[in-house]
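Below, in structure tokens: the form predicted alone, a single chain.
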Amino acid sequence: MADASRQRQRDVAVLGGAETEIVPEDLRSIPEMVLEAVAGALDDAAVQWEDVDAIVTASVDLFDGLTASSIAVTEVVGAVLKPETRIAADGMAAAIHAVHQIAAGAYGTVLVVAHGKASMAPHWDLTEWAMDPVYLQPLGVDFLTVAGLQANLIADSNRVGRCASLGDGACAVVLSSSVPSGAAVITGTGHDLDAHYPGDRDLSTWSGLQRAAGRAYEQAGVRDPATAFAVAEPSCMFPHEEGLFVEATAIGKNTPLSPSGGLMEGTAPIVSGLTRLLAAARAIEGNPGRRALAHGAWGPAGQGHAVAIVEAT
């Protein structure tokens, strides 16, 4: 069964993708911003609207200030009279959902789209509303507070620093069962959702990522992650998270991390993981046999993790 699962995963190609420039404030509406990424992805993948069988979007109502926030982009992602799934988590989780849709034979080509607009409201303040309302919200605890606590627990002065700059942006990726020569293909995926309450888990480790990576490694047939990857693209919002990522994934300490610049160059909420998948695919495509590890994260101090292993054919 495991071998069959790995074969299905290898059949999912990253045909193409595009992302908007991350800016402090994009004056366009969400649909206008998303349309740029979608049009660019379809062009990069050399497919037409009619070639897309289904759409998976990633957005969070709380951050957009909209109920059912995917409705704002229904038309521009081409989801009118087509199957659409909305994932209220990082864009990498949306990509994994699409991978399984394709692996199951439900669809041949799926468009994955993620968007975030941090300029619309104080992002970190909003995350306070996602915390426990009885004990933590009255104290003003938000995701930024928990990340600071995590950094102090690790007690590595070389890795304590500012968080990535948040802005507005969108990313779109086309995944397909059709695998062109030289394409990057997704051979393994894994995801994990750890305990939400920060006091219910060990913040000094990313055990959820360890479990997610382990599932992806088994699926892709990765025996030694220390030597398996030509590049890794982690979703690290803070410098201290890089150490957590390396430890949890057991990748080699000399494996290049974020040669594309990573999130510290600027990112948008929800979009990060999908941009890491696109960066990982572009880093290895055209180099048969080379593997890359892409990662998405969400929630307080890395509560949720999603991993994809990409390999060049």
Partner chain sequence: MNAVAVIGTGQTNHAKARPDVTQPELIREAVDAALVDAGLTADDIDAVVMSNMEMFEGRALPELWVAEGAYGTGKPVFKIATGGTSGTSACIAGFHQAGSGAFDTVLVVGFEKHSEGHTQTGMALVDPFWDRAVASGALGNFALSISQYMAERGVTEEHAAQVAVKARRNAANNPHAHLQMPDLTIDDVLKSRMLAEPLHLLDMCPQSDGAAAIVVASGDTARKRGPKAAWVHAAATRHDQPYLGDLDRRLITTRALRSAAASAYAQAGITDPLRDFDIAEIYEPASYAELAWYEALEFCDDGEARRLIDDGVTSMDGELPVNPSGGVLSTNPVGASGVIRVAEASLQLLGRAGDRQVAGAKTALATGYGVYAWSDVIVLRSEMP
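Numbering follows the first chain given and starts at 1. Bear in mind that the values here come from a model prediction, so they are computed numbers and not experimental data.
Absent from the display: the form predicted in complex with its partner chain. The rest refers to it.
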{"property": "Partner contact for Ala93 in the predicted bound form: its partner chain, 4.5 angstroms, heavy atom", "result": "yes"}
{"property": "Contact flag, Ser70 vs its partner chain in the predicted bound form, heavy atom cut 4.5 Å", "result": "yes"}
{"property": "4.5 Å heavy atom contact, Ser177 to its partner chain in the predicted bound form", "result": "no"}
{"property": "Residue contact check: Glu84 to its partner chain in the predicted bound form, 4.5 Å heavy atom", "result": "yes"}
{"property": "Every residue of Leu62, Glu75 and Pro300 near its partner chain in the predicted bound form, heavy atom within 4.5 Å", "result": "yes"}
{"property": "Candidate stretches 188-196, 226-234, 108-116, 163-171 - the one whose heavy atoms come within 4.5 Å of its partner chain in the predicted bound form", "result": "188-196"}
{"property": "Listed residue (Val222, Ala103, Ala183, Leu203) with a non-hydrogen atom within 4.5 angstroms of its partner chain in the predicted bound form", "result": "Ala103"}
